[in-house]
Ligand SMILES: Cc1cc2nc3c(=O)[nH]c(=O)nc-3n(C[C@H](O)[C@H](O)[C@H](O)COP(=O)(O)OP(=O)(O)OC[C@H]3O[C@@H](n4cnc5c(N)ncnc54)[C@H](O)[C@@H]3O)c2cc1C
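For reference, the chain that follows is the form predicted alone, supplied as structure tokens.
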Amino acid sequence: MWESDVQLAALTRYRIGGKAHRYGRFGTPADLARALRSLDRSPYRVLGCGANVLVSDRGVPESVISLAGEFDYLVVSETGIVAGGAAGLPALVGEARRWGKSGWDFLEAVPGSVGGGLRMNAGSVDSGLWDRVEWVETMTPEGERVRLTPAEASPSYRHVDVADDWVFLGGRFEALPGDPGTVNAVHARRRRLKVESQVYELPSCGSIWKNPGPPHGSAWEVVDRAGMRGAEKGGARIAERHANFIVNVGNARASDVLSLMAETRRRVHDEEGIWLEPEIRLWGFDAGDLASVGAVQ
């Protein structure tokens, strides 16, 4: 069922943003198909756990869709895990760890949903969720269900070649058995390193910028060299612990975050001669705002 004028701040990890013109949570494929067809090709956005999204203070004019109910499931087998798009990435990783499945530690302490993780190819610099995909199921704006393989989706760093208005319903992931003791130790070490080096106690949406790569290094390194670590604007601050995080220290507005992003990007260009590209998704901003941080509409 659709709701009108829903505040999106409460539905994102940033706790920032205005209203959605129309918002709906759908718990079955049939309900989702009817909702998509009712939109009659008018634009919409898909919101998972809101882990990688900054919503404009003005909100978004498009309809916003979330998955729930039957899309929230995890089924573990000898060689794989089948997961719904509404399942949490922490839950997926937890099941892999609990059942002694090897090769899933790269997603330890990564927030978000399976659907969002597929859309963004969530993971580390070296590994992404699509590296474990056997197949995924999507739904088109016409309500048709389409199964895709990695070869068809052409995944790359923080990107997949799948239309933005296709909804990820879930998929099957390779999860091969390993030594349970080794699996637990590797996961514990990865989690400890992430918690020590990143920021989890304040609202944020994780890494702001894509890593520029050699010879410049990681995004946090170039932000640090540009002198932006600890910089503040309103209720937003570039984290001291990890300079690629902008945290909400209290009542931050989207305009505060965007201002810090734009200033960081300018300074990095002055220092390094490169233009950083945002890793986060920016919703509801005008063309000038997006251009100021190097985002593509």
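Throughout, we count residues from 1 along the sequence that is shown. Everything numeric in this text was worked out from a predicted model, so none of it was measured.
The discussion below concerns the form predicted together with this ligand, not included here.
Would this ligand in the model of the complex be within 4.5 angstroms of a non-hydrogen atom of every residue among Gly48, Ser113 and Phe245?
Each of the three qualifies.
Whether Trp135 contacts this ligand in the model of the complex should be assessed with a 4.5 Å heavy atom distance threshold; does it?
No, Trp135 sits far enough from this ligand in the model of the complex that none of its heavy atoms falls within 4.5 Å.
Hey, in the model of the complex, does Asn184 get a heavy atom within 4.5 angstroms of this ligand?
Contact with this ligand, no.
Hey, in the model of the complex, is Glu279 touching this ligand, heavy atoms inside 4.5 Å?
Contact check for Glu279: yes, within 4.5 Å of this ligand in the model of the complex.
Give a yes/no on whether Gly123 approaches this ligand to within 4.5 Å in the model of the complex, heavy atoms considered.
Gly123 belongs to the contact set for this ligand.
Out of 23-31, 229-237, 248-256, 51-59, where are the residues with a heavy atom within 4.5 Å of this ligand in the model of the complex?
The contacting stretch here is 51-59.
Please identify the residue among Val199, Val76, Ala91, Leu148 with any heavy atom within 4.5 Å of this ligand in the model of the complex.
After the contact test, the surviving option is Val199.
Here the chain is shown alone; which of Lys194, His216, His159, Arg225 has a heavy atom within 4.5 Å of this ligand in the model of the complex?
Going through each option in turn, the one that passes is Lys194.
Between 147-185 and this ligand in the model of the complex, list the residues on our side with a heavy atom within 4.5 Å.
Contacts from 147-185: Arg158, Trp166, Val167, Phe168.
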